[in-house]
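One chain is shown next in structure tokens, namely the form predicted alone.
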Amino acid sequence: MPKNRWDAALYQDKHAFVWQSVGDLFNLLSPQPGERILDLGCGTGQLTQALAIAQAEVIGIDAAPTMIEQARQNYPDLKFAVADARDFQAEQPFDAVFSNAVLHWILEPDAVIRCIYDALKPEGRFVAEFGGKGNIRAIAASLYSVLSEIGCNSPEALSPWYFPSIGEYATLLEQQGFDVTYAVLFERPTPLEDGDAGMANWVRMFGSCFLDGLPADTQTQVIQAVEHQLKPTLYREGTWIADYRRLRVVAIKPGNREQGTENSRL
């Protein structure tokens, strides 16, 4: 699976939009005092903290050690762990699993859904938002085009992203035993931070796998070419706008299946 290098400092400093636009998703989750909630793919911990403020008993997990290290520095009173969303097990089941802007990074959705199902209590809920079908269509097309022009063969094969349709993802959830109670795919144009540097920061943060192995000057040339291609459509009044499309889902675990006991423990 292609890997993206996670720069926790860059993520926290220049990409706060990841956790600042989550209000509606929180309303869907509706965390209640005393609930045991897993923040799946917690990053640097801002949403884990928000769940704790709602008086939930929350644990944040992320596969990137750099993210967990920063989360622990940010919120030393909260519980964080390095864990793979495709291979984890809860020592105690959760009332809810919450995930924001994470699942489009994992190319094995079946494994993730199975782990989430097994981690939930009967009647527990899974509430998530991530990139859906058509997400960053313009940005990805530009990256592929520029990389092809400099001699990279099949740059699409480097993609670390999984952007499913509603039908595709709802089917996967149902095949694992979930009842899907809500699913929507919607446009969410997202302003990037840091003005003129917004797109460059985005590519370096979220598209680093496309730059790995290229000389530093070539990386700069790729980013500048992408900016040139995208500026007529994604740059407005001094701000870059990422062409995001988000898939938001709520799924419930019925009370009639026993939890699995395999996989590594949190």
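A residue's number is simply how far along the shown sequence it sits, counting from 1. These figures come from a predicted structure and were not determined experimentally.
Below, we turn to the form predicted in complex with a small molecule, even though it does not appear here.
Chemist: For the three residues Leu29, Arg125 and Tyr182, which mark the spot I'm curious about, does each lie within 4.5 Å of the small molecule in the model of the complex through at least one heavy atom?
Modeler: No.
Chemist: Is Trp105 close enough to the small molecule in the model of the complex to count, meaning some heavy atom within 4.5 Å?
Modeler: Heavy-atom contact with the small molecule at 4.5 Å: present for Trp105.
Chemist: Does the small molecule come within 4.5 Å of any heavy atom of Arg248 in the model of the complex?
Modeler: No, Arg248 stays farther than 4.5 Å from the small molecule in the model of the complex.
Chemist: Do Ser99 and the small molecule share at least one heavy atom pair within 4.5 Å in the model of the complex?
Modeler: Contact with the small molecule, no.
Chemist: With a cut-off of 4.5 Å between heavy atoms, is Pro109 one of the residues that contacts the small molecule in the model of the complex?
Modeler: No - in the model of the complex, heavy atoms of Pro109 and the small molecule never come within 4.5 Å of each other.
Chemist: May I ask you to choose, among Tyr75, Tyr144, Tyr117, Phe163, the residue with a heavy atom within 4.5 Å of the small molecule in the model of the complex?
Modeler: Flagged contact: Phe163.
Chemist: Heavy atom within 4.5 Å of the small molecule in the model of the complex: which of Ala170, Ala90, Ile136, Ala85?
Modeler: The residue from Ala170, Ala90, Ile136, Ala85 that makes the contact is Ile136.
Chemist: Choose from 91 to 99, 67 to 75, 127 to 135, 150 to 158 the stretch whose residues reach within 4.5 Å of the small molecule in the model of the complex, heavy atoms counted.
Modeler: Going through the listed ranges, the match is 127 to 135.
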